[in-house]
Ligand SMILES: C[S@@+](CC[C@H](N)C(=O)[O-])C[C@H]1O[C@@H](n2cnc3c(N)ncnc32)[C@H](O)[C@@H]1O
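Below, in structure tokens: the form predicted alone, a single chain.
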């Protein structure tokens, strides 16, 4: 559904313009300030900052650092909850949205009327999305509109979801693929469009997102995809049903014990020779970038982002039985890795493991 409202569009464009200023101007200036102070520290003490806490100490009280954090926190709040924010504007369109969601989608969608959301998932409004993406029938639409500026859909060769799909298919062309934490289907669609002879299943906790994912798949006339309401850490699906298991931006929204359960579950669900490929965020060995990443998690209501960064995900994959496990940087857009440090970006990382034959 496309909301046609000039005030809404102007408001969201203003918020996005401020975020681009934060991304392209404030971030490199703060990075330059950090490097200057780190050099001064090295001259005085002979040591360099060793981690995010050292960076925080160096920048504590600086107006640029304070305004950098303030802008990120409050621009996200404005995006979702301001007068023309995503949540209130979509709420005014509730009848239209719910009518769209009531349209039949056939057997493409399976919901569980007795499904209980995990406590860690309901404890915080992730992304500052009021009530989270699970608690309101229109939340999938709010989330989809918000994601357009977080991971914008561009041409297929530029869109990160299609780039990730191409990477996965290049490793192991799927016949039966499971997309864990599929949300409203943005990560699933490139798979069911790219590999049309594969059976694709998307699972998620949030019914509102799954309803939108199914509706969009029907609109796309997809015949090789199904969506199911399942917990990725304990799906209840049968052993060895898939030859590829993926997730996109899912691990950082779970506490480490649940991540370990998900890894073990993905191993169980794979047939011998299958692969698991997870796209998520692991900051590089740079104290400043780690400091910014941890701050983003706090400011954006993502409490498990820092624990994931501190977790040995590769070790957890190996402990579950995966072999040839590796983590490697992912270039979400052409030239993004080469430009690292010149503008803010997520530390996109692909974690891959193979189930032995």
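What you see is a predicted model; the values in this text were computed from it and never measured. Positions refer to the first chain, counted from 1.
One more form of this protein should be noted, the form predicted together with this ligand, which is absent from this view; the next part is about it.
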query	finding
Per-stretch contact check against this ligand in the predicted bound form, the hit in 215-223, 70-78, 85-93, 182-190 (non-hydrogen atom, 4.5 angstroms)	182-190
One residue of 169, 109, 205, 275 in contact with this ligand, assessed in the predicted bound form (non-hydrogen atom, 4.5 angstroms)	205
Contact residue in the predicted bound form, from 105, 249, 97, 264 (heavy atom within 4.5 Å of this ligand)	249
4.5 angstroms heavy atom contact with this ligand in the predicted bound form for residue 143	yes
Non-hydrogen atom contact residue 195 with this ligand in the predicted bound form at 4.5 angstroms	no
This ligand contact at residue 211 in the predicted bound form, heavy atom, 4.5 Å	no
Contact label in the predicted bound form: residue 101 to this ligand, heavy atom within 4.5 Å	no
Triplet 121, 127 and 232 all within 4.5 Å of this ligand in the predicted bound form via a heavy atom	yes
